[in-house]
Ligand code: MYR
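In structure tokens, one chain follows: the form predicted alone.
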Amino acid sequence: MKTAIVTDSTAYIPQEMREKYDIHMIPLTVILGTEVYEEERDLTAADFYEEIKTKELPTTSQPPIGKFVELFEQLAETYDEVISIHLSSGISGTYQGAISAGDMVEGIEVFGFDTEVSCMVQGFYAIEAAKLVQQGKSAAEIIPILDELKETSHAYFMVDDLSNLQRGGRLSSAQAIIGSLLQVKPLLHFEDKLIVPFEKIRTKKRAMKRIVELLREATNGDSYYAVIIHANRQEEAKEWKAELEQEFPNIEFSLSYFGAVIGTHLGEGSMGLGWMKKR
């Protein structure tokens, strides 16, 4: 049984890592003015943050089902099955698109996995699945392991300005208005597949401190992967990583970013931290 691993561009797995683990990537789309870009292919995160300084807020869309069908048909020539690992179905139709496309393709079985999160925490699932494939495991064995990892995984993030999330329909108007009136830096997380406020905190510094408390409580000295995710704040993210590595020798930290699709909804200056237990 030969198993392929597919994820979408919002996992923000670096290309060299995708190649190392043989992970296939399907891009979401960003519409900037009259231009349409495939995320991570036509538009890097750095280019995106430069572009939005002078343009209106972009819009985003999930991959067309036809793109999934095309990819799965190509994979069917070499593989028997696919695990298609995607961002939360509560904020995008990408996961459902993969399931629908899987029903349309002959000669390969498609197993969808809804990470109920996004960004590099989603990437952790894809990389873990790919490692398990290299160990000779099948989809039927891998998916229960990914489900177990969900129990150990979480992500928290904060945004400088709630207006992007509200305009993009990812946060209710009432929550956005309250946040801007009080000048809070709400700590957000995924709950039941949706982005919701976790706590309302007045300053970015306090919000970051609170995330560290949550990391400490969750990991409790065990071995974990953790990722610092930033929206065009590379230096700030590097400094935070260095501080966290000193405090948590049991955790393997990496750096990632909010790319064009997620950056459209969160806005520049956002920061996040996500983690998952090592197996």
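Residue positions are given as counts along the sequence shown, with the first one as 1. Keep in mind that what you see is a predicted model, and the values were worked out from it rather than measured.
Absent from the display: the form predicted together with myristic acid. The rest refers to it.
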Superimposing the pocket C-alphas so that myristic acid sits as it does in the model of the complex, and applying the rule of 3 or more atoms within 2.4 angstroms of backbone or C-beta atoms, the verdict is open
Of A139, L132, L71, I195, the only residue with a heavy atom within 4.5 Å of myristic acid in the model of the complex is I195
The listed residue (M208, L146, I108, I91) that reaches within 4.5 Å of myristic acid in the model of the complex by any heavy atom is I91
query = Would T219 show up as a contact with myristic acid in the model of the complex if we use heavy atoms at 4.5 Å?
reply = no
**Prompt:** Is S61 close enough to myristic acid in the model of the complex to count, meaning some heavy atom within 4.5 Å?
**Reply:** yes
Hey, in the model of the complex, does I13 get a heavy atom within 4.5 angstroms of myristic acid? no
Any chance L87 has a heavy atom within 4.5 Å of myristic acid in the model of the complex? yes
Exactly one listed stretch (114-122, 200-208, 98-106, 74-82) reaches within 4.5 angstroms of myristic acid in the model of the complex by non-hydrogen atoms, and it is 114-122
Looking in the model of the complex, the residues of 251-279 with a heavy atom no more than 4.5 Å from myristic acid, listed in order, are F258, V261, I262, H265, L266
